[in-house]
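Taking the form predicted on its own, here's one chain by itself in C-alpha cells.
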Amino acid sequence: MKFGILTSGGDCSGLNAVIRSIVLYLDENVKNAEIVGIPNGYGGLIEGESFPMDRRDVENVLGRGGTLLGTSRQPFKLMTVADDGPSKLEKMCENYKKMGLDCLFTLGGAGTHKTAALLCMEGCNVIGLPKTIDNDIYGTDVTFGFQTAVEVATDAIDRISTTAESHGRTMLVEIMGNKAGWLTLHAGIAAGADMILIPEKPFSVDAVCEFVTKRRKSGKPYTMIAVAEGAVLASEAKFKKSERTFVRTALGESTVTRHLAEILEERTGFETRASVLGYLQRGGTPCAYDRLLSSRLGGFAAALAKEGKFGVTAAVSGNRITFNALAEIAGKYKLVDPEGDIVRFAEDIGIGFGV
C-alpha cells in the first residue's frame, strides 16, 4: 500500500509527532508500506509534489515544533472554482491517482477537514487528524496543539501580570481564536485573569469599564484581561464577520483589543496597555501532553488505514481515541457554550466576561 501525508492550514506543536507516529506504525505493521510526504499542504497535492519518507526521516522530530512537511492555506471556497482549466479539487484528485496513493492522511483544522470531505466524495481514500490550537473541531474533545498553546498563553499572561502589578496598569492580552474562545478561556482561567472576553459572549464596553473601576475602588491595583482575537462588542454581534472587518479596517483596527485599551484608559483614567501574543502560541516545543496525544492519534489513524477504514477523522472522546465520519463533522465548529459549566465556574469565582 502507498500512503501520503500532508499538513494543511496554520502550523502548531504536535504535527511532527503525528507524522512520526504514522510513519512508525506503518513501517512496523504494514508489509511493504510505501510512504510519501506531500509538501506545503494541499498546495503540494495540487502541484503533484511528493517525496519518499521512512522512519529515518522522523527519528528525531517528536519534540520539534512546526511541520517538517511544510504547510499552506488553500481557501475552501476556491477549491471547486474552475479558472480556465481544472479546479484545484480536480487537480488534487488527478494527482492522488497519479501518485498511486491508497490513502491520504490530512493533518489540519476545520478548513482542512472540509476539503478532505470533498476529496472523499470524489473517490479518494482520506483519513483526517484534528489539528488546531483553537480546539474548535466538531466531534472531538480536544485537538492536538491546543494544550501547548494553552501553556504558552498561560505563561505569557503570568509574565505580563508581574509588570501590570508593578506599574498598576490594566493589561489586555490578545490570544488567538477567531471563532472559538477555548484557548483564551483555558489560558485566562489558568493564569488567573480577572476578565476573559471571548467570541461566544459579546461584551459591553460599559461593563468592562465598570468592572475595572470597581476593582480599583476595592483596592486592587491592577487588572488582567484575556481577549480572544475574535471577541466582539455586543453592538457588533448582529453583523457578519466581513462587515465587522470592513468597519474595523476603516478605523485602522484589526481586532477589538487595541480599540478597547484606548477606551478603557480614556474612561477609567488608569494606564492601560495591550499585548498581542500572535504566533508565539503556534511555535515551539510541544508539551508532553501534546506529544502523547499526537502520537496516539497518529498511530490510531495509521491503524484505520491498515484496516481500510477511510472517509473518517480521528477524534478524542474521554480517554478513548475514536473516529468520526468526515461527512458528518466537516464544516461544523465546536464553540464554547456561553452558559456551560466552565464559563459558569469562572463567573462563580469572580471572573468577568464583560456582560
Ligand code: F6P
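The numbering used is simple: start at 1 and walk along the sequence shown. In this text, all values refer to a predicted model and were calculated from it rather than measured experimentally.
Below: the form predicted in complex with the ligand, not depicted.
Novice: Determine whether any heavy atom of R282 comes within 4.5 Å of a heavy atom of the ligand in the model of the complex, and answer yes or no.
Specialist: The answer is yes: R282 has a heavy atom within 4.5 Å of the ligand.
Novice: With the partner left out of view, is V126 within 4.5 angstroms of the ligand in the model of the complex by any non-hydrogen atom?
Specialist: Heavy-atom contact with the ligand at 4.5 Å: absent for V126.
Novice: Give a yes/no on whether I133 approaches the ligand to within 4.5 Å in the model of the complex, heavy atoms considered.
Specialist: I133: contacts the ligand in the model of the complex.
Novice: Looking at the partner-bound form in the model of the complex, is R73 within 4.5 Å of the ligand by any heavy atom?
Specialist: Yes.
Novice: I need to confirm a contact call. Of L260, L89, M176, V173, which residue comes within 4.5 Å of the ligand in the model of the complex, counting heavy atoms only?
Specialist: It is M176 that has a heavy atom within 4.5 Å of the partner.
Novice: The ligand isn't shown here, but in the model of the complex which of E94, E210, E229, E236 has a heavy atom within 4.5 Å of it?
Specialist: None of the others qualify; the residue that does is E229.
Novice: Just one of 133 to 141, 163 to 171, 117 to 125, 77 to 85 has residues with a heavy atom within 4.5 Å of the ligand in the model of the complex, so point it out.
Specialist: In the other structure, the partner sits against 133 to 141.
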